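Look below for two forms of one protein chain, each set out as structure tokens: first structure 1, then structure 2.
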Structure 1
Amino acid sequence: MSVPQAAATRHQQKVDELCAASIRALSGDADLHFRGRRLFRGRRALALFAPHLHPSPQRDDFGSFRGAADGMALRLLLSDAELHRHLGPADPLARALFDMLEQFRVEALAPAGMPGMVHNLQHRHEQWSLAFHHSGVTETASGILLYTTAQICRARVTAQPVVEATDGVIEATRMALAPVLGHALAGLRRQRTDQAAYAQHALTIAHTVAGMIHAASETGDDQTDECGEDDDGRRFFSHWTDFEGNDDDHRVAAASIGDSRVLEEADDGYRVFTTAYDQEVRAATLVRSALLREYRERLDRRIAGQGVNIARLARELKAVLAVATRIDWDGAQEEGCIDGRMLAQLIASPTERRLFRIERQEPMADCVLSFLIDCSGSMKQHIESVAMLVDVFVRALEQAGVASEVLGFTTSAWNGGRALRDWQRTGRTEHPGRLNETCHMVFKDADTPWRRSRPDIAALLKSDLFREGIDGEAVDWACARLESRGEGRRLLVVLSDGSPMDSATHLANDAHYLDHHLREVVERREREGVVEIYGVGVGLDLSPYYRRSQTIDISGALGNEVFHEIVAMFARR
């Protein structure tokens, strides 16, 4: 991942955070957040509402994201989702239009005291309109029909002018539509405060326009042939909006996820073909001690060159992780609890009132934090920065009184190794489950102080240990380690730059077997609530997997900023 791209990902995450915070404040619903660019309430993804609410990080500016966020907030606040679903038409295309019209209705109701919100919504509408227009879709018959409908309906409901740049383009279609939709259009603005009454007019429009488009595609004077057979109107719509096509996938740096049919249909859930070759090792035993010393020196030089303020980091960590604990008493006070030792003094000098003592409280961290590092092949390029980050954190955590672990996971072989051979020998049973030798490495355990585990941490730099990554089992393993600890608060930080990857497992099962399992594990562990799990994405948005996640950019020099971002993530809980 290149430097500007990582910075862009970081910027995009910040934008998402700010937009999510705005949506929460505007709608008054604390449980909303973005996961993988999709709005969630708690664990449930919300409906997509309307096509213009999904700006693209490549094309659209911050203002567009603000407008989309405001639109979503208004939709949540002012529209009854149940009623909307109940009234919605069955035809997918008509439903998509109906969704869009409902969105226009709530946007027209933006409060007068918020001119910025009105501006954002208008800005977003213009950006979407222009993008739609410039994509060339408006040159098709159904495209111009959709576009014109969107323009005139929004203009009517919100009493704002249509987008000026395309005024001429829609003129002819508008004249044709006006007599057909006239009555319904007039009703839109009048009934905009009454969802049910408005819906009647919106339905008329949606049915009429959808009917016209279906007719156009049947007679064949339309260039697009998909709309007839496309079973989901929303996909039809997004097809029109997301015209830049599929190359988006490798430019948007969010972990790609999918559901695994094999895992869903398996009765016994996630399967492991064999655990015979799995191992858990102290990482330092895999590296020659002379080499380890050399690695450590390299790491120390790099850390010295970074200028990280460890004392400050320790203070920040303490502020976030520590809770007030009674540690001692302050004696000779004028009030508080009676201090028995002072009673003799009271008899000796009755005027003496300083007989009391009060509790002294100080912040203490009753906490253990575990770093779980993805040691898959793609992490090799980042590992020096990651090792440094972890080393500095471990030192700061120790100063803050927090125990810490450094763990890693990889496989002992490429492409399945002995597990795969066993499977082939036993006749290639259907869906064998995980098919590789996992290797869980301990770089530092919670009871060893940093000073003694210095060489062990340096073993991270041994890049030929890095093979494939089976994240789900590793998260489970790290959580189990944390659960056996006595501390009150347990945190697991997973550092990764990608989705779980093991080619043998993928081939023998299906493409999303491992990442589906990872999501299952994280969800289950979060539900149990014993361990707080945080995902730290190295130049990648891990929010599809982890509810609490942070993207960091470590391609350049590590400033104090990266550390601060991770600490801030703990503070958000």
Structure 2
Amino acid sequence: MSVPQAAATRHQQKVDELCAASIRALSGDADLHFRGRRLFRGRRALALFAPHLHPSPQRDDFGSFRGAADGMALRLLLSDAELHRHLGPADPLARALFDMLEQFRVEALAPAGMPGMVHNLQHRHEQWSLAFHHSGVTETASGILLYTTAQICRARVTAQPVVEATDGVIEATRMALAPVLGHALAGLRRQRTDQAAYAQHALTIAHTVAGMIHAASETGDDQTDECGEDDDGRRFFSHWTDFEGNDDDHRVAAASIGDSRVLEEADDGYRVFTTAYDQEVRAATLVRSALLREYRERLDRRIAGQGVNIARLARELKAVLAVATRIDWDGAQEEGCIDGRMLAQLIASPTERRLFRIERQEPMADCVLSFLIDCSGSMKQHIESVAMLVDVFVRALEQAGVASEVLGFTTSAWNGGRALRDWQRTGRTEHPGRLNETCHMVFKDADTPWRRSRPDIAALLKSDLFREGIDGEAVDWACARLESRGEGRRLLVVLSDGSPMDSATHLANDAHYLDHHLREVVERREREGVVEIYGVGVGLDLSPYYRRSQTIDISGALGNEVFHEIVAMFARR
């Protein structure tokens, strides 16, 4: 990940967090958040609503994101999703129009006492309109028809003017549409407070405009046939997001996820074919002592060359993870709590005022933090930087008074190993579940200080330990270890650069069996509320898996900035 990519990712994550906070505050729904730039309620992705609610990080300004966030909040607050789904037409193009018109309705109901929201919504509409127009789509017959419909419908329902810059462009189409849609357009504004009544006018417009576009397509009058808009109206509306100006070089990929049909249909949920070959092992036992010393020296040289201020990092961690704790009392005070031991002095000396005591407090970290490192094959290229990152954090956490452990997960074999062979010998039962030998490694446990665990942490550099990744079971294992601890706050930080992957399991079940299970595990553990789970993506956006996530760039030298980003993630909770 290049420097511009890292900066763009950090900026976008901040924008998404601010927008999510705004949507939660306005809608009153505390469970809303963004994952992979998609709005989720808990684990469920919400509908896309309307095309103008999806601004581009590369092209649009912050005001557009604010407008989109306000639009989403109003949609959640003022629209009955079930009624909208029930009334929606089957035709994709008509449905896309119907969705857009419902969004215009809720935007028209923005409270007059919130002029900032009204301004944001209008700003976002103008930016989307101009981007749509400049993409060249309005030069086609269908494009100008859709664009004009959007302009005149929003203007009518919100009583705001059309976008001035394209007023002349839509004039002829507006004149042609007026006699066809006149009655329905009038009804939009009149019925904007009644969703069901409004929907009847919106359906008339949606069916009429979609029918006009289908007719033009069938007669060959429309230059847009090759785009296939008739097959999917949403694709036409989202076309503007793909036109010139996209800067893919500045995008960070999000982890790809999908639902596993096998897992959804299984009565007993996630399955493991056999646990006979699974192992939990101290990682240092897998590396020769001489090689371990060599790894440690290499790691020490790398850390010494980075110039990381560990003492400062420790202070930042303590500020975030520690809480004020009473360690003693200061007596002989003139205010505070009455000190019972001083009552005798009050009798002997009625003028004595120093009869009180106050708490003496210090920040104490009643906390344990566990790093869980993805040791799949793709992480080999990052592991030296990851080892340095974790080693520095462990030292800083120790100075801050926070217990820490370093764990890793991989498999003991490629492509299934003995578990796969057992499955083949027993007749290849259908949908056997996980088909490999898991290997959970302990590089440092929470009770061992950093000085004694230095050699063990260096075992991370042994790259031939890295095979495949079964993340869900590893997260479950790490959470169980944390739950057995007595600290008040328990944090798990998962470092990974990809999705769960085991070829034998995927072939015997389906392609999303493991990533579906990972999402189930994270959701369950977060619901239990005992362990806070954070995902740190190495050049990858892990937000589809982890509600709290941070993407980092460790392709170059590790500066203090990377450490501060992770600490800031803990502060957001």
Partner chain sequence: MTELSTARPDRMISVREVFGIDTDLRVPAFSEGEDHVPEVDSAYRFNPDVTLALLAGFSRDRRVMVQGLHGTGKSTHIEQVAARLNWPCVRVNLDGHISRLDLVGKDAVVLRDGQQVTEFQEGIVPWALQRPVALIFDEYDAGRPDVMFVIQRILERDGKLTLMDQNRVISPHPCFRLFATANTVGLGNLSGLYHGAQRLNHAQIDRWNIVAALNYLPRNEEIAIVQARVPQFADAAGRALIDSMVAVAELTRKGFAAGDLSTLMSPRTVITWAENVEIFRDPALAFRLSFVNKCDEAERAIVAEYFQRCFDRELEESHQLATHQE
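One-based numbering along structure 1's sequence throughout. These numbers come from a predicted model, not from an experiment. Rigid core here is just the name for the largest C-alpha set that superposes within 1.5 Å across the two forms.
Only structure 2 matches the form predicted alone. Taking 2 Å as the criterion, G427 does not count as shifted between structure 1 and structure 2: its C-alpha moves by less than this amount when the rigid core is aligned.
Here V106 counts as shifted, since its C-alpha moves by at least 2 Å between structure 1 and structure 2 after the core is aligned. After superposing the rigid core, the C-alpha of D60 moves by 2 Å or more between structure 1 and structure 2. CA movement of A202 between structure 1 and structure 2 equals 4.1 Å, with the two forms superposed on the rigid core. In this core superposition, P92 moves its Cα by 2.8 Å between structure 1 and structure 2.
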